[in-house]
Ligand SMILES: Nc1nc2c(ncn2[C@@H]2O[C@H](COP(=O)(O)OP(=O)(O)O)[C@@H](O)[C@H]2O)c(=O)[nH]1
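The chain below stands alone and is given in C-alpha cells; this is the form predicted alone.
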C-alpha cells in the first residue's frame, strides 16, 4: 500500500464473516462500488491505482447477453491499463463437442426438443471481444490493456495442472483466444480461502488462526506461494503509473 484505500465498505461484510469462520455472502446484483488502493512495489519503482469494483456477477453476464456496456463499466474499461480476469473453472458450463456427442450421433433427431445455450467459454470470448472494442484497443496482439487471468478456488481443481494448462483443459477456445490476442497474458491461480466455508456453520480452525493465515497463489509454473500480492505484482510489472481494474 502506498497510502490509504478510498473505501473499505465493500469488504467489511466479507471480512466480518471470514473472521467468524463463515463464507461471505454474494454481492447484490444492483451493487457497484469502487475501492481504490494506491499501491507500489517493494522498491517503490512502480506505482499505480488498484481499483477493486464490488459488483453483482450478473452484471458481467448481462454485458455479453445484451451486448451493451453500462456507463460505469465503459468508463472503467477505457481508463484502465490492465485487466484482472477472475474465473472459477469448476462452475463453468462446457458445451457439446465431439466427445460429448460422438459423430455417430450427429444428425440424429433428439427424442425431444431442448434449449440450446451458449457455452461459458464462448460467452467469455465474446465478453473479452466486447471489452476490447469498448477499449478501442489496437489490432492483436494487444499490448495494452495487459491481461492477467486468475483462476479462483484453485483448491477445487485436481493436481497436476499449471494455471494455463488447467484453463486449456477446461476451456480450450478461451485459452487459445487469450494466447493469440494478447502479447504477454499472465495465467495464475488463487485459493483465497484454501478450503470451502459454510455460510451458516463456523470453522473453528479458521476462527482460531484467522483468515490471514489461509490462502495461496499458484504461479504460472505451478509453484505455490502464500503471498497473495504476487498476482498484483506480476500485473504491475507491465504498468507504468497506470490503473489496474
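Positions refer to the first chain, counted from 1. Since the model is a prediction, treat every value here as computed from it, not as a measurement.
In what follows, reference is made to the form predicted together with this ligand, a form of this protein that is not presented.
By the 4.5 Å heavy atom rule, the three marked residues 82, 84 and 237 all fail to count as contacting this ligand in the predicted bound form. Proximity to this ligand in the predicted bound form, taken as heavy atoms within 4.5 Å, picks out 195-203 from the listed stretches 63-71, 195-203, 174-182, 35-43. A single residue from the set 150, 124, 77, 153 has any heavy atom within 4.5 angstroms of this ligand in the predicted bound form; that residue is 153. Residue 26 belongs to the set of residues with a heavy atom inside 4.5 Å of this ligand in the predicted bound form. In the predicted bound form, residue 191 approaches this ligand with a heavy atom inside 4.5 Å. Taking non-hydrogen atoms only, residue 88 approaches this ligand to within 4.5 angstroms in the predicted bound form.
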